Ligand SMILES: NC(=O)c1ccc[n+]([C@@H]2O[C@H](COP(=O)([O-])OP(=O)(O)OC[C@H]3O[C@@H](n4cnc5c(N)ncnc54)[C@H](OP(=O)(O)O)[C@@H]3O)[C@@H](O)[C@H]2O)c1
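Okay, here we've got a single chain as structure tokens, the form predicted on its own, with questions on binding and movement later.
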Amino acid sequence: MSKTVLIAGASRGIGLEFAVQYAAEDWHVIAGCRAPEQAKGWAPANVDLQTLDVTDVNSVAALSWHFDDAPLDLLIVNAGVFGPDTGSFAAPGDDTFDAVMHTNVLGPMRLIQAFGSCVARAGGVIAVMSSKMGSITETSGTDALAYRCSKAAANMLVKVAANELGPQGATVISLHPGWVRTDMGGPNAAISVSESVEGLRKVIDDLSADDNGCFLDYTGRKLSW
């Protein structure tokens, strides 16, 4: 029986590559996209495209209802935005801050609340795409203040979710995909999307219960919070 993965933010970049790679290995892939009709042009034919906007509580609830509490082997929370690319300490405007935090923090909270029990029932994994830029210990720059704060907050929600869902059977982790050549990472980034996702998939495959609540990069290296 094939395993099931739900990918939030699967219309392009890392999320799309996850969908492509898991579909190629005969997983049942549910790809959550804000505009599924647009994604039909590049998603594999055997991928189940579903409408999902993580900033809309009704959209998350609708997908949860569609899923109907079925066991879920893997939840990949990939939807995210970068926000203003400030070069120094600069507070964003209210609307910009709200957009970044609603997508990068509240969205993952809603998804884990909606699907966490499905993952726990399957003894599966919840993988939240974070970033090394959210590590307080490893922060050396002053750019992208809103993004950094959002990913630090996402790391905290992973730890809290791990505390709750770990004893129920799930493994909840934060992942740093590396500096990837995507729309967000830019053309000069260090690694390709396929290289990043291949590494991330290996990390996910190699997880044990002892990794619950950890922060790992695409090579498997543990990162400091």
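Predicted, not measured: the structure shown is a model, and the values here were computed from it. When you see a residue number, it is the position in the sequence shown, counting from 1.
The discussion below concerns the form predicted in complex with the ligand, not included here.
TODO: Go through 144 to 152, 67 to 75, 118 to 126, 90 to 98 and give me the stretch that gets within 4.5 Å of the ligand in the model of the complex, heavy atoms only.
DONE: Answer to the contact question: 144 to 152.
If you check in the model of the complex, is A10 within 4.5 Å of the ligand, heavy atoms only?
-> Flag for A10 set to yes.
query: Does H28 make contact with the ligand in the model of the complex, using a 4.5 Å heavy atom cut-off?
result: H28: no contact with the ligand in the model of the complex.
Though only this chain appears here, would G178 touch the ligand in the model of the complex if you measure heavy atom gaps against 4.5 Å?
Yes - in the model of the complex, heavy atoms of G178 and the ligand come within 4.5 Å of each other.
Checklist line | 4.5 Å heavy atom contact, I112 to the ligand in the model of the complex | finding: I112: no contact with the ligand in the model of the complex.
#### Entry: Listed residue that, although the ligand is not shown, lies within 4.5 Å of it in the model of the complex (heavy atoms), from V158, V54, A170, V47
Of the listed residues, the single hit is V54.
Residues in 69 to 103 with any heavy atom within 4.5 Å of the ligand in the model of the complex:
Heavy-atom contacts to the ligand in the model of the complex: N78, A79, G80, V81, T103.
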